[in-house]
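There is one chain below, alone, in structure tokens, taken in the form predicted on its own.
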């Protein structure tokens, strides 16, 4: 018998592949519709003032702009199939190599932030939803409402100002010290210290949506017979919150997590720019400034593919849990 999760994965595969293909086309055509020629702009800079005519033609080819659009698209898709994302001339390195260096830093922030905002959102929302209108509900809901009104880049700037400049107890930027330690333990500790502020900024952006979701579900669950029966049997404390409220909230949280992935990766971009964190967000920002379309295309395609992959897996797990009941 085929496991239900495998059936859900296969049923959602064709849609994700179609979305990914349409996104590749969008990423390919959009830079070419923008005003200005990236090669001409690059040639006008100090970096390439002495290029000869043949070198300029070679440069146009490296930018993927040689020939007509159909020819460019054919070459781009054929290179993409074999994993060739192009060559970044400003960085003097293959795009895949740049992304291979940047993506682990971005995933580190997301992997550290996700447990924080999921646990804080669930615990706070359940506690507030169990007794709506009580003191904790009023204080927590008011605080989270204020946090929800702060954009991610503003929260990042405030944290940077408070703990990186005015009270400099944490590093204000980067992922490591200028001269990393040779001691692995010391280096891990330095990486963790540099990640604290970006992770907090990212968690503050996401905690509100899961808090309100948990609070609303907890208010509804409190009226359900199995919760009333559990309270009548004297079940309380963490057992009631984790085994009854938390277990019922798990599929709902998974479904919301699938919906929130795009916003989460978008928030990482702002956070990495503010803290000069060397992840994909910082890489994309520099690619926009340099009009490095090859790097921009590669970064967007890889990040979109990663979001679609995670969305695909989470959707399949959430659907399986929902059908199981």
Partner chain sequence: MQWQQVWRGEGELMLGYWSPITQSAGFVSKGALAASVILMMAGFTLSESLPAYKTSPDVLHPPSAEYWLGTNGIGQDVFIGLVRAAPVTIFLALVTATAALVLALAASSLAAFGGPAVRGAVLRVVDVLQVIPSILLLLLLAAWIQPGFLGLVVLLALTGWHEDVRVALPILLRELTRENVHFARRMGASRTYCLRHHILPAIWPAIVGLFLQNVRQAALKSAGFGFLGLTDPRLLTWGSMMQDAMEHLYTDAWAWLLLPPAGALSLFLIGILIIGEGYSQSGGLTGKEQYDPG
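Fair warning: this is a prediction, and the values are worked out from it, not measured in the lab. Numbering follows the first chain given and starts at 1.
One more form of this protein, predicted together with the partner chain, exists but is not displayed; see below.
Contact at 15, 208 and 270 by the partner chain in the predicted complex, all three, heavy atom at most 4.5 Å: Every listed residue reaches the partner chain in the predicted complex, so yes.
Residue (of 150, 103, 93, 123) lying close to the partner chain in the predicted complex, criterion heavy atoms within 4.5 Å: Only one listed residue qualifies here, and that residue is 150.
Proximity to the partner chain in the predicted complex (heavy atom, within 4.5 Å), stretch among 77-85, 105-113, 190-198, 159-167: In short, 159-167.
is_contact(residue 180, the partner chain) in the predicted complex, heavy atom dist at most 4.5 Å: No - in the predicted complex, heavy atoms of residue 180 and the partner chain never come within 4.5 Å of each other.
Residue 70, heavy atom within 4.5 angstroms of the partner chain in the predicted complex: It does not: once the partner chain is placed as it appears in the predicted complex, residue 70 has no heavy atom within 4.5 Å of it.
4.5 angstroms heavy atom contact with the partner chain in the predicted complex for residue 203: Result no; residue 203 lies far from the partner chain in the predicted complex.
The partner chain contact in the predicted complex: residue 304, any heavy atom under 4.5 Å: The answer is yes: residue 304 has a heavy atom within 4.5 Å of the partner chain.
Sequence-ordered residues of 277-291 touching the partner chain in the predicted complex, heavy atom within 4.5 Å: The stretch touches the partner through 284, 285, 288, 291.
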